Each structure stands twice: as structure tokens, then as C-alpha cells.
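Take a look at this single chain, the form predicted alone, given in C-alpha cells.
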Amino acid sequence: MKKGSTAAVLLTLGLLCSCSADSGSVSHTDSMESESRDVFAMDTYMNLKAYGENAGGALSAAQERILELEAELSVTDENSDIYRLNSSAGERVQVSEDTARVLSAAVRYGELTGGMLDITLYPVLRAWGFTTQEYRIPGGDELSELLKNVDYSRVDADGVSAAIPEDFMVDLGSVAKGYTSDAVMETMRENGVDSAIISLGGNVQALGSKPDGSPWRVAVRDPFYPDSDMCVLEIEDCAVITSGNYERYFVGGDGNTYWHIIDPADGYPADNGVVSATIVGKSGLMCDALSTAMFVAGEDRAAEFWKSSIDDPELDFEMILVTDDGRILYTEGLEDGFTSAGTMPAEVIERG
């Protein structure tokens, strides 16, 4: 594991006010009226901002949609689909259409990433204390035993119901906010909004462009100096989602630092040379899933995965990796909208 200086990371996404490095808000100079809404859900502070005469109604509908999904997808709410599934002792349970979609998509991304995303890791996360804040370092034998009940391919969702084997448990923390941001964008469109931007605990997703037709400018914070930005992205109608060793971590009695992104291969926090992985793409769900998977993958495997995805319509994404030796690696599709804002050297990952 990395020592404390590396894991004391707080990687966030901010929305730039202008071309400066200030972050945390959207420019108020647009000619079209805007409204914003703050929501606390999914254990996350969220901000929603929409433009146009229908903005207020759209934000109210979006807030309702977020709370609806939280009630269905929570791993701790005893009335949620996921809690009932985890308590089903292997029996099939009825679930909402949303829950079935998220489960099926998570299994699919597990397949596409060769198991680097696995939603059945919940018992391992719990053993480390990441679900309870009662942190501990589980032994190798304990992890080996728990990993016998970790296998995303054993999750079966058919559209109206789902089943997992007895002693299995699922947690949608790696995909739920991405699915939710997609749902919010859909709700905005249905309510007559075509320009909006939201931040769900740092997961940023934009609908269209800014009202004046210019792209949104999203700042990605420097994981080593969280008061500074490492780069700025210009985006339209897409999501920007990051996974990193930045929020949930602890320093063990051995002096090492352990974070909450677990490698399904061995049950330990992923330690493959990457401290943050940012995915940019049209689908928030895809970006959420791949940000976790690419963090687990590490530099070389993530780069190869991106290169090999060129012919797969399910995997249309761009990527920014920050390595533990202080380098930024970003894919060539971001070149026109990428501006370095810090001191780390930046390299382009090319497909050729």
C-alpha cells in the first residue's frame, strides 16, 4: 500500500466560473435565467443547475427522481431493493425496473472489464470496515474465504426480478450515482430543459452546452494538492466522473494507508500505480463503472483497455489517469478540450 502522503488525496471536480482556476460554481453571466438546487442523497452533497423558463419544475422533478433511486438502490435501507436482495438467502426477489437495469448494466461492465468491476465485493468492503468506519486489516485467509462469494457473473436480473446466490451480497456504489446522473439528464429533457449541469458528489454531468452555446469548463483537482486544479476540460453533453483514493481510507497499525477501491483479484485495496482515474463519456453509468475499473486496472492495463475499445460502441470514452509518481496521462480524444492547470507533466495516450 502507498504511504500516507499518497493516500491523503481529496480529488474533486469543480465547475469553473471563468478561465481562472477558481472552482465550485458556474458562471452567472449567461443571458438565460438559471436556477439551482442542493440535495443531500446517497450519502452525498449534490448540486443541480438548470437554465430556461422550465428550470424550476425540472429541478423539482430531478430531485424527486434522485430520492426515488436512493430508496431503491441503497445497500443499507431495509426497504430498498438491494437490501432485500442481499437478505434473500438466494431466493428471487421482485425489483424495480431501475434496479434491474443497474444490476444488468453492472454485470455487463464486469464482463467488458474482465472482472475489474465487481458489484459483489460488498462483504470484502465490510471486512475492511469501509461500510461501517470500523476499520481493520483483514487477514489473507479471511479475504480468501470471502472471495469465494465474490463473482459478478452470479448476479441474475431479468427486468422485474433479481437473484444472487446465498451468502452473496451486492453494492451498487460504483455505478449508482452514474445511473442517477443519467436519469437526472433524462428528467431535465422531459421537462423542457436543454442546458443544465449537475454535480453528484463530484460526479459531473452536463446537458448540452452553456446557454450561450459555449462548452462547459470542468476543473479536475490535483490529487496531491487538492486546493489546486490539475487540468480543465471543455465538455458538452457528457459526464466527467473520477474514482480515486481520496475520501475513504485509513492508516493501519502497520503504518500503511488503505483505501476503499478494492481489487477483486485479491480483496486488497487496488495498488497498481494509479491514484485517480477520470472517465469522460456520454453515459454517466458507463463513466462511473469504468472509473472504478480503470483505477483497479492501473496505467498499462487501462491504456490497453482504452486502445482496444475503439471498435466497441458500448465503450465510447476518454480517460485521464494520475499516477502515483506524479504524471497525468490523458487520451488523445481530449486534446482539443484539455488544458493543464498545474505543474504535473501531462502525456497523451495515443491509439496508434
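Everything numeric in this text was worked out from a predicted model, so none of it was measured. Don't overthink the numbering: it's just position in the shown sequence, from 1.
The following text describes the form predicted in complex with ligand ADP, which does not appear among the structures shown.
- This chain lacks the partner; the member of A58, L48, V296, I66 within 4.5 angstroms of ligand ADP in the model of the complex by a non-hydrogen atom is V296.
- M116 is the sole member of V280, I164, M116, L73 with a non-hydrogen atom within 4.5 Å of ligand ADP in the model of the complex.
- Looking at N149, you'd find every heavy atom of it more than 4.5 angstroms from ligand ADP in the model of the complex.
- When ligand ADP is considered in the model of the complex, H260 lines it closely, a heavy atom lying within 4.5 Å.
- Using a 4.5 Å cutoff between non-hydrogen atoms, D229 does not count as a contact of ligand ADP in the model of the complex.
- Taking the partner from elsewhere, P138 is found to have every heavy atom lying beyond 4.5 Å of ligand ADP in the model of the complex.
- Partner contacts here mean any heavy atom within 4.5 Å of ligand ADP in the model of the complex, and among 50-58, 302-310, 32-40, 286-294 they occur only in 286-294.
- Contacts with ligand ADP in the model of the complex, taken as any heavy atom within 4.5 Å, map within 163-199 to D171, G173, S174, K177.
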